[in-house]
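Following this are structure 1 and structure 2, which are two forms of one protein chain, each written alone as structure tokens.
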Structure 1
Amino acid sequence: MVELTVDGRTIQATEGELLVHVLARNGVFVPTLCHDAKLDPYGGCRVCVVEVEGAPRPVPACATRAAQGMAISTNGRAEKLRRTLTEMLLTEHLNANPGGRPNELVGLAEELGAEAPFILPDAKREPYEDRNRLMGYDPDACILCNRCVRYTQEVMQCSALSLEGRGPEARIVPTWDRSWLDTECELCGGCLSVCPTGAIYEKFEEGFPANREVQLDKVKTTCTFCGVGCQIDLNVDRETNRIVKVTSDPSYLPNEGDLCVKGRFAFNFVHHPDRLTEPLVRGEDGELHETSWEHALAVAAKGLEEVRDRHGPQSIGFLASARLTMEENFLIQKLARAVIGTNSVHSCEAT
């Protein structure tokens, strides 16, 4: 542990810890746009600058590590620099709402009282048209923080995105200017989730009002597509009571906010008209009829019991699935061995 001074107050930190984390833990507000705890220090946007005694110029808190005896000032000149840098970003921010996601730059500008002194003419950054139906990109909303590119390289270990062009014409594109579908991209939406301005967005959210996501009710649940147990938030529209998107918080375990393409985008089955929402039991007329879960479970239990008593427990086999959680698979084998009395337990993933 080391001691350092922040705005005249002495605090403790782990040696080598990033200043942005030290300050946040001690209740000191220092904004950042390019930083993500999952990614390596970058120091690109510079809105997190602080003054360190002895340093020739302000330093980015997201790329500077704590050391013994540091004297840090987050006010004064650093505060003015943050406002100026925010204003500079706003001058090129031609579209603040391509897909309804929260815009951290706009929120930061409101927090700092910053306004664009002028709006630069259109930089003629070509819009990127992609034939994939899940993700879109608007270069006029992009601040080139590179979080999406770094996410694909450092977290997903692929080269799905890259920077193209120079100066005002620079933009983020799938590698070699191809479609997302023609690169190493798996359409997991991770780049979308780390974008601070919503420049990468869900295509099915185009045209919705700004900050629509914060107006949705989030219901935490477990993804149903495999047995990993990723924790997700179902974003539910209050008026229609329908799921409109899926997100995941970095604090969630075991996935730490990361999702696959199915976990993030394949939620429409919930509202599909052919989906069974009530259990069915075959009646004496030979047809399936809706019933309660209690009655359906009682019928299933009675049927298993009759087969076991007539043909013996080894006449019954249980098929588990990797799509279930570990706890659910444990209960399946317990039902098979302790209740029915058979060791015939198999998994569909083993065939």
Structure 2
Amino acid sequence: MVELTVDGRTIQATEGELLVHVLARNGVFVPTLCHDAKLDPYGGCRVCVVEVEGAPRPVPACATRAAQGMAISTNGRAEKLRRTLTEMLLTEHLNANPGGRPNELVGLAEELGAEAPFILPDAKREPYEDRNRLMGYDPDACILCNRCVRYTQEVMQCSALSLEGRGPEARIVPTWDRSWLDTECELCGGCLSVCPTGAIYEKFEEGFPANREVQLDKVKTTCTFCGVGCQIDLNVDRETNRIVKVTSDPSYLPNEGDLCVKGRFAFNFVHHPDRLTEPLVRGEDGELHETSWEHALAVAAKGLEEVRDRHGPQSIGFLASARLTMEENFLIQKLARAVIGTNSVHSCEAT
């Protein structure tokens, strides 16, 4: 442990801990944009600058480590610098809301009372279309913090995205200028989840108004795709009774906000027109026909009862499913054992 002072107050910290985390734990607000606790320290956007006594110039709290005797000042000159840096970012920030995602830069500007003094004449950057249907990128919303690129390199450990060009030409592109579908990109959407300004955004179905985003209702649940059990939020539009997107949160275990392509994007099956909506019973013509629940339940009960009467309970097999909940599988084995009278209950997940 080391001792240091923050705005005159003495606090304790682990040696080598990043200042931004030390400050947060002690209730001192320092804004960040490029920082992500999952990623290596970067110090790119510098909106987290603080002053350290004896240092020749202000330092980014997200890339400076705690040491014994440090005297840190987070207000005064550092505060002015943060406002100036925010204003500089705003001079190139032409589109604050491409896909309707939350924009931390806009939030920060409001908090600090920062406004763009002017728009840089060469602020406009060349957009591009990608043929993937899941995500888009708007360079006019991008502040080049590189969080997306660093996520792909450090967390996914692939080379899906790159920072291309310099000055007014700089933008994020799929590696080698290919489509996102042709790079190593696995469409996990991690870039989307770490982007602080919404420059990388979901492509929604046509006609979905971007500003509806704010009215989405989040329901926390467990992903349905594999045994990891990622915790997710289904973002539901109550007006249409549809899932609009899936998000997660760094505080959720075991996935800490990370998702894969299926967990983040493969939820549309829920709304697919092929979904069965009414019970079906096979008719004399050999086809399945829609019918009432009452009728279908009666036919099903009679059919299996007749099999049991003719051939005994051992002649009926039950296939449960790992797709279903624990509670449902419990009931299915109870149905087999206590109602039909057989232990023949199993599933394709016999591993």
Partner chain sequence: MGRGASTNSIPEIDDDRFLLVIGSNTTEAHPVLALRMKKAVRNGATLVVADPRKIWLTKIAKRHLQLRPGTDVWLLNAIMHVILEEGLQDEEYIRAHTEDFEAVREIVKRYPPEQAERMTGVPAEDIRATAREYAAEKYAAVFYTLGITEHACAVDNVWSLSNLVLMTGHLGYESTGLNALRGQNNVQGLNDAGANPSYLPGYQSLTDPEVVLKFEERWGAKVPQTPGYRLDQMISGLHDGRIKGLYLVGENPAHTEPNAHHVEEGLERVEFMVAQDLFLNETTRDHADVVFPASSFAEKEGTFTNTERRVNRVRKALDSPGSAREDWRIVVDFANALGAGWWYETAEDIWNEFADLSPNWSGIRYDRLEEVGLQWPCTDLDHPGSRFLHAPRPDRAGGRAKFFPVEYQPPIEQPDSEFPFVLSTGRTLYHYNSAGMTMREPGVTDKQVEPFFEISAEDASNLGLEEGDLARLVSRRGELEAEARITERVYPGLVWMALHFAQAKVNWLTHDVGDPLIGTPEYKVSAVRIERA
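These numbers come from a predicted model, not from an experiment. Each form is matched to the other, and the largest set of C-alpha atoms that superpose within 1.5 Å is called the rigid core. All residue numbers here refer to structure 1's sequence, counted from 1.
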item: Between structure 1 and structure 2, the form predicted together with its partner chain; value: 2
item: Cα displacement of His271 between the two structures reaching 2 Å, rigid core superposed; value: yes
item: Rigid core superposition, Gly303 Cα moves 2 angstroms or more between the two structures; value: yes
item: Leu181: Cα shift of 2 Å or greater between the two structures (core-aligned); value: no
item: Ser292 CA shift between the two structures in angstrom, with the core used for superposition; value: 12.5
